[in-house]
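What follows is one chain in structure tokens, specifically the form predicted on its own.
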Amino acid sequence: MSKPCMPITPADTHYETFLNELRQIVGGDAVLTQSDISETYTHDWARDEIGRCLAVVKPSTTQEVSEICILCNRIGVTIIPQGGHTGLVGGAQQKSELGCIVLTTQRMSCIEDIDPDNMTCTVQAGVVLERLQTELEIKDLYFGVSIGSQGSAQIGGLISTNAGGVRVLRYGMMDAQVLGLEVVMADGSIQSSMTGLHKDNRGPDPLRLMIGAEGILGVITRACLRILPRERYSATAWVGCASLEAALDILRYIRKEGYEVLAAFEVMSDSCMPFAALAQEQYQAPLDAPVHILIAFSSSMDLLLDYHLETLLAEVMNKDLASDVIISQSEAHGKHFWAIREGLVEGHAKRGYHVRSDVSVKLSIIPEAASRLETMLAKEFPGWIPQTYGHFGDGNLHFNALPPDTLSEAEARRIGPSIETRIFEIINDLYGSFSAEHGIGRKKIEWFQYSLPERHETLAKIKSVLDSNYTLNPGCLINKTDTK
């Protein structure tokens, strides 16, 4: 393969020629340039990162993606794949140079097939998660990933980042839902493992490398996903307890006695609750306690879930592990509980800039990890407000730090990276992960290289083979210099 020429810029004489070639591939209305490129494509969800690009290109078929890759690989323009753009680690925008295009999969939104017998569905990469769940529900089916941004997040992006969410405890990460993929490689070749088979042991599937690769190895265009019978019955409870140690004891008991129906186990410190109400006034904590727990049972069978959850929580109260319990009285009541939990994220965003983290440790270490993080923040960054919450049942904490009201945004942004560094140092010392479910993107490359140098080096070698011209999402996940 020949080396690409220098990346073109809007000032280059070949710029318009390049745009015309893109328009010939996808149609004139599917290529956006200059003032037509809205913040939808350039600003990340948290509005912390702003990207730049020569154009936004919106293909509608795998073949169009292939032709775009061939063109860009030939002339030296890099490609930033972009799905619903709900990520938080800067993986879907590039701000250092203009020599790139954003390839958005939003027009690739076809649910091609739902197979209730095989318990699979085949979808294009741009299908929005919430729409897929709605279509499956009509057929009494279900997909095992649930996240707060499911109204915008797309399947291709969820696969590329190996998304998690609130049901990982029950169903696992996104990689557990993927049976096969169709991928366009950097040179434009199309590869597929879309057999629809639940068992296919003909050697390892190389395309599974695309799961969690954040678009650096190929562009995911279609997927065959595992689906499930719809959970028609559910029970939800809000529990108050004195500490994270008590929350861990409650999890141990509930998991032991109700493992088959335990769907979610979320924990929030009491300091989080005012910020849920900041999102919407009605998102008030249902009870007073130092630590709040949200527990969900679900099943496709009528197993008297409310009765079983109430019985188990009565035992929890008898053991003095919980101080108060509220069982949802209806489906709407349960959804309100979940709205409060999801409102935390919106409330933090409404307040303004803050330090976010997405970390994980072994379950038994969660109380120690949280204690060390909160102590660090209080001692080293006085006035900053700790926010400890997350998917407790699978060891995933979102430890956030909100700046004091008296601190200017500019000063908060100056201090923020130091707080993030201390968070990562503590988690690394506890043999945990600085990225539980959000990925690496461009923000966490240095920590990835520092904490897992062998993995970083191996991925860099794979990148150099599959994308020797470094066309796909440069600067994301791995350092470009390590691909040589």
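On a predicted model such as this, the values are computed, not experimentally measured, just so you know. Start at 1 and count along the sequence shown; that's the residue number.
What comes next is about the form predicted in complex with a small molecule, which does not appear here.
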- Query: With the partner absent here, would G172, L248 and L294 each sit within 4.5 Å of the small molecule in the predicted bound form, counting heavy atoms only?
  - Reply: no
- Message: Is S269 near the small molecule? Define near as a heavy atom within 4.5 Å, in the predicted bound form.
- Response: no
- Query: Would V219 sit within 4.5 Å of the small molecule in the predicted bound form, counting heavy atoms only?
  - Reply: yes
- Message: Check H348 for me: does it contact the small molecule in the predicted bound form (non-hydrogen atoms, 4.5 angstroms)?
- Response: no
- Message: Although the partner isn't part of this model, could you tell me whether H85 comes within 4.5 Å of the small molecule in the predicted bound form, counting any heavy atom of the residue?
- Response: yes
- Which one, P206, P290, G148, P274, lies within 4.5 Å of the small molecule in the predicted bound form by heavy atoms? G148
- Item | Answer option from V359, I366, A186, A92, heavy atom within 4.5 Å of the small molecule in the predicted bound form | A92
- Message: Counting any heavy atom within 4.5 Å as contact, can you tell me which stretch out of 377-385, 238-246, 310-318, 161-169 lines the small molecule in the predicted bound form?
- Response: 161-169
